[in-house]
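Here we start with a single chain on its own, the form predicted alone, put down as structure tokens.
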């Protein structure tokens, strides 16, 4: 098993002329963890991965692997390997030759090379296909060969640039499970870039959300989803209903917020008189009187059956809420429902 390395990004910025791709980013990644860098297009996530891999140099700041400064080292001299979205396999080589390419570059030959190739094919679930042409493999199999080629040289850190983006939905979900299992088995530190929120939450120990070249939010998938730090994080990490209001009363543990849906008392802290936003996920709203807080009556203006739930648009006065209801009973479009919620499911954003 490879021992994963600690990765430290120390106040790193990257400028391209007047354009700022990364702005004073600092990040500490624990050894052996699976970290997903998440963000929309243009947020800086691919730039950050390129800096970690040594494919570009920062304008300022440092990058450390364990205690070693690798900021200005080329990719070949770093204890990192990168897996790209397009796999970058050599079409004229067999599976075994592709996986063994890096071993040959490291002057590992003969039986040792063959043993390492065979072992890594077992790790990625493709035993016995050393002699097959890579062009004969499916997309998922090619992805696993690319992983095997990257892992066989035992990097301390594996960098993955949108590795599942070229796969269809079913195969992508299968590969998410397999990627997580492979990472736990080999012990390498994984840093994975994606714009897919579901992919991030299913794989990561820690998710880092980037926006406009800065870290917007970071933490476990659970904490980012259930306790987002900002409005952007609340809406980027899945759907969220945002209700603006003003704090009219506080206690040690709760705030009472005046909103267009009435005064709502929820757990949280803010100063009296402060303008705040209450965020609540669609699955935490109810179309019945089962919640402790009554938001009022609304009319269902749209409904989509998603399979696991009904996604309903509820018009309440001059605002619309999104509500995910159980599949039964079916809620007909045009029906009037009472919308309720539990106070613990609200998040106070300042």
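Since the model is a prediction, treat every value here as computed from it, not as a measurement. Positions refer to the first chain, counted from 1.
Below, we refer to the form predicted in complex with a small molecule, which is not included among the displayed structures.
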| item | value |
| --- | --- |
| Residue 40 within 4.5 Å of the small molecule in the predicted bound form, heavy atoms | yes |
| Proximity of residue 47 to the small molecule in the predicted bound form, heavy atoms at 4.5 Å | yes |
| Non-hydrogen atom contact residue 25 with the small molecule in the predicted bound form at 4.5 angstroms | no |
| Contact test in the predicted bound form: residue 9 vs the small molecule, heavy atoms, 4.5 Å | no |
